[in-house]
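Below you'll find only one chain, the form predicted alone, shown as structure tokens.
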């Protein structure tokens, strides 16, 4: 029983990390109806900026702010310079451009910072708290989970309670109609990319301390798992991203603990296929109207 509780807490800790990154994928999907496959590489780039500030100032919080601001700027730049010109050809063009951007960012980071892992200290203790003799969540895990839930609440308010959030969704779903109604679709798309990159930057700063350190490929595996979590929860649902992240984290923890690490990728694939077969839109997808 102690092993079960240990794997449960370990899965929740890992799931909080996946949930934080899945939120960035959900945000760009809601704002632009595209999956940004460069999200991981962009998050690593902003994490380098953040930890450069941490090294210069000694303050993690200043580094976190710098990473988020650089994410805003990078997201807007990518949309203005690349995605705006790839969009008219269809979603596939944007996917190809995003994959090319991954290669460019990783190559540039490798040339500038090298291929060695750099230390990325956490702002809180990473040692798990002990409850009734069982290792539970660490203070840093609680910070990651709290940050993810805070982002969910802010996104919910943004997209359902603010005029600018409703304009962003309208621009993504029906750009031509939105233009006729006076919505600046181009600005809304730029804002969506900027916000998504900022959330990705936050996720990167949360994820990097849980791994081997800062590296140009530090987010590759995390992106794959977070993408699975976003699809499982529903690409249009911030709550689904968090639930999907926690669910994927728990499944990976149980499978690794009871069946061995070799079966972990298979478990993620089985979960993804099961959700796509039973509920293709994700567990928290909204019901669609039927048209006759």
Partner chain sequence: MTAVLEVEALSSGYGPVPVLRDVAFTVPAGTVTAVLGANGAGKTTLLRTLSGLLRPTGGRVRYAGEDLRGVRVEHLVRRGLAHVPEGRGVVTELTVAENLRLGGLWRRDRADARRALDEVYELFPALARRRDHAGHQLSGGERQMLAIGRALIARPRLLLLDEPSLGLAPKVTAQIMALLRRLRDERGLTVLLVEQNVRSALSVADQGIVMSLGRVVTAAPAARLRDDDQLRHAYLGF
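All values reported here derive from a predicted model rather than from experimental measurement. Residue numbers count along the first chain shown, from 1.
Keep in mind that the form predicted in complex with the partner chain is missing from the display, and what follows is about it.
key: Candidate site 173, 176 and 181: all three near the partner chain in the predicted complex by heavy atom within 4.5 Å   = The answer is yes: all three residues contact the partner (heavy atom, 4.5 Å cut-off).
ask   = Exactly one stretch in 201-209, 120-128, 182-190, 149-157 has heavy atoms within 4.5 Å of the partner chain in the predicted complex; which is it?
value = Careful reading of the contacts points to 182-190.
query = Just to confirm, residue 77 within 4.5 Å of the partner chain in the predicted complex by heavy atoms?
reply = Flag for residue 77 set to no.
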